[in-house]
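Before any questions on binding or motion, here is one chain by itself as structure tokens, the form predicted on its own.
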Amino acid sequence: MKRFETFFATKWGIIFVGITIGVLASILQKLGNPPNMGICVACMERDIAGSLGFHRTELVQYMRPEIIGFVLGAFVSALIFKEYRPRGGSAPFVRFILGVFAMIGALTFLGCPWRTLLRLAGGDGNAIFGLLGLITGIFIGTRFLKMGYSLGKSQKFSSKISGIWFPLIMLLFLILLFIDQFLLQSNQGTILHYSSKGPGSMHAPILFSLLIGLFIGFIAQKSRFCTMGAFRDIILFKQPHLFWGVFALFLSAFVTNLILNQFNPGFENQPIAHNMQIWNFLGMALAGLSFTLAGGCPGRQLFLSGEGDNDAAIFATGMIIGAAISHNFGLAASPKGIGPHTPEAIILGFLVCLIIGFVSREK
């Protein structure tokens, strides 16, 4: 067991996690998940918001088992390796707001940091602008970190039960998903909402998706895998440890897509993407800034929430609510382009994040 823990702290451990995510994401796509979206934390949280009825866009409603698996897998890993530490209280509502704007930015580009890499690995040239925006947003965030930015220290909770509520909510979502499968077979309707067409109707088999989510959550919790952290550490400390995992994710997804005949290079007619490049850049720049100020990319926030981190759970909840806001108020993009009110939302997001960054400096 000790050797297992030590392995995931090494460069080869983080590379293994990156390869695993890249390969399994491409396989999920082959098995039914949307094209170039084998795994996208932002898109999948948006689908969950739709499944719960938080937004009314019928094309993107599905209770994604992968997200549930990330949290529960990280929870199990934290328990086994004695890293389950209930904590919180570090500006929770600020983190909620950052989660909302992170999602607004991500849905402007149509993808999270993972999907940025997966889109690029699938040949989508539009993802280049998203990646440049992500790095720019992270760079701006690191300027605040250098100026002493902090949301305060999380406090350790005395009660062990304080950290299990987000994993329990995910477990409830899983139970509802399985109940709905029984109801569908007996033609009794469903509790949750499901898309009959569009990206929300595209999904791999439930058990396979869940098992992949559990496995990724388990190993990523041990390795501290984080896309935002990879670029942040290079910019601030010239430390490439986490970046090796991110590069491995891209390269393994690229190779797997070639093998599975899923590589389609170009800018036009890419699946679930648009080519309004300035907004691809600005959307991910806002998301990258939000991730940096919150201390982790959306995948990392889910893994932390499985460890008992209530602040990370608040951020993840903010992203789910942000998805509902984006679709209910015309902020989310589509393959046709940005929403009617996307520009105002992006400008407001940058203003709010900059205010948070400046007022939260400790020196």
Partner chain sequence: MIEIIDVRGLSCPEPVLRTLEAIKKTDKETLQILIDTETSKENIIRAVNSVKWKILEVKKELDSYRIIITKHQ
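All values derive from a computational prediction rather than experimental measurement. Residue numbers count along the first chain shown, from 1.
Below: the form predicted in complex with the partner chain, not depicted.
Chemist: At 4.5 Å by heavy atoms, is each residue in Arg46, Leu192 and His327 next to the partner chain in the model of the complex?
Modeler: No.
Chemist: Scan Leu183, Ile128, Ile206, Leu151 and let me know which has any heavy atom within 4.5 Å of the partner chain in the model of the complex.
Modeler: When the partner chain is considered in the model of the complex, the option within 4.5 Å is Leu151.
Chemist: Note which of Ser201, Thr136, Gln239, Asn275 lies within 4.5 Å of the partner chain in the model of the complex, where distance is taken over heavy atoms; exactly one does.
Modeler: Contact with the partner chain in the model of the complex is made by Gln239 alone.
Chemist: Using the partner position in the model of the complex, report whether Val255 sits within 4.5 Å of the partner chain, counting heavy atoms only.
Modeler: Close contact is absent here: in the model of the complex, Val255 is far from the partner chain, nothing within 4.5 Å, heavy atoms only.
Chemist: Hey, in the model of the complex, does Ile347 get a heavy atom within 4.5 angstroms of the partner chain?
Modeler: Judged by the heavy-atom cut-off of 4.5 Å, Ile347 is well away from the partner chain in the model of the complex.
Chemist: Does Ile355 reach the partner chain in the model of the complex, with heavy atoms at most 4.5 Å apart?
Modeler: Contact with the partner chain, no.
Chemist: Would you please decide whether Arg95 lies within 4.5 angstroms of the partner chain in the model of the complex, comparing each non-hydrogen atom pair?
Modeler: Answer yes; at least one heavy atom of Arg95 falls within 4.5 Å of the partner chain in the model of the complex.
Chemist: Choose one stretch from 115 to 123, 166 to 174, 81 to 89, 260 to 268: the one whose residues place a heavy atom within 4.5 angstroms of the partner chain in the model of the complex.
Modeler: Single hit among the candidates: 81 to 89.
Chemist: Since the partner is left out here, which residues of 247 to 268 would have a heavy atom within 4.5 Å of the partner chain in the model of the complex?
Modeler: None of them.
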